[in-house]
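Taking the form predicted on its own, here's one chain by itself in structure tokens.
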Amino acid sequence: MSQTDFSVRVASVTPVAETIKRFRFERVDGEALPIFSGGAHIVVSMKDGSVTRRNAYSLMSDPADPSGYEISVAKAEESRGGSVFMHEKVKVGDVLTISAPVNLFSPDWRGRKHILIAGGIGITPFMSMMAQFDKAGVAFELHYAVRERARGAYLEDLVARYGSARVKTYVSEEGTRIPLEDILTRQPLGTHLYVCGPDRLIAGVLDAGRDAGWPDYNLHAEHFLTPPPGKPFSVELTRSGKTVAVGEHESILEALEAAGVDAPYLCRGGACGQCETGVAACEGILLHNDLFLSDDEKASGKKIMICVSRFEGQRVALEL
């Protein structure tokens, strides 16, 4: 455990919707947890037999409350193991290791108003944001869409807490949709927009914002990509001299960690750039799955994001 990790006890596990549970963590030593800001996430380490899984989850509790952290976890239909572990194996009283909070999705406090657009479990980073906005008297609107009401975590709770003027909910099976064009065209200058949810929602909102004339610096999105499966391969590490096998259902980063190699990361989802690694040699194809590198950088074959990207071919050597 690093100096920025904490041992926490699971204080509560609460079903909040179909396939979604809320978990509250409190420090084992009884001390306060670090203060965080809205939009922050932590990495939860899960010891599952011989495998250690590490998943990033947005903090949804009140940033002003250091007594505990809360996250919500959706049980993924095609889980790589993390969400299934949280849903089926984590119980009240269990001890887990979590990282210190990291914020890659903080609100721009210069904004005159903040529009939050959430799809499904993408609601979680906005829970802590709204608590901060509300206390600070900052104008905001939440537009929250779910496929079906049974899977809509916190739908009624959010309307009750912040009012129907600030919280709008939409349920696909009931025929309601986010009126994106109307939202984008009626905001005062200086408004910032934030989106989190499925990739199609994020891409659609960002494209619509740009088409409506919104500057890029007023558009914000949070992506957490899941490392895709693929053919097994091995990576050579030029600095340590090690060769590490990467399985079909693990990322390069996960394989390195299992082999005792200390590799940098923050988001573990291909967005932040922290795990960017130089490619010393490549006899094959780098399969770039990240959102950080530019198209030119990907085409150069000189860099790879080891948290989500893969390789196919004869040989790849990384500068680690």
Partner chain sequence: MAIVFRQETFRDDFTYRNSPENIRRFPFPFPDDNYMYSVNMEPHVKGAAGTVFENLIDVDEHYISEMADRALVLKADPLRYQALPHMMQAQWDTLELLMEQQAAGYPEHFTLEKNGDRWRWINRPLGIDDTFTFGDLTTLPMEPLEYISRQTQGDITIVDQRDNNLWMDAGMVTTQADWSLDFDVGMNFMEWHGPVPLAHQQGVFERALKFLLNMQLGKPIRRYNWTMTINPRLDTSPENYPKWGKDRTTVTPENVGDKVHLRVEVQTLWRLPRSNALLFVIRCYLMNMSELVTVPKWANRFHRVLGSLPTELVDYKGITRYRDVTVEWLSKYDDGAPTSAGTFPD
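Think of the rigid core as the biggest set of C-alphas that the two forms share within 1.5 Å after superposition. Numbering follows the first chain given and starts at 1. Owing to the predicted nature of the structure, the values given are computational and were not obtained by experimental measurement.
Beyond what is shown, the protein has a form predicted together with its partner chain; the following relates to that form.
Its partner chain is not shown here, and in the predicted complex it never comes within 4.5 Å of any heavy atom of residue 278. Among residues of the shown chain, residue 52 is not one whose heavy atoms approach its partner chain to within 4.5 Å in the predicted complex. Among residues of the shown chain, residue 110 is one whose heavy atoms approach its partner chain to within 4.5 Å in the predicted complex. Although the partner is absent here, residue 284 lies well away from its partner chain in the predicted complex, with no heavy atom inside 4.5 Å. Contact with its partner chain, judged by heavy atoms within 4.5 Å in the predicted complex, is confined among 252-260, 44-52, 266-274, 23-31 to 266-274. Along 283-311, a single residue, 292, places a heavy atom within 4.5 Å of its partner chain in the predicted complex. In this overlay on the rigid core, residue 294 has a C-alpha that sits 2 Å or more away from its partner position between this form and the one not shown.
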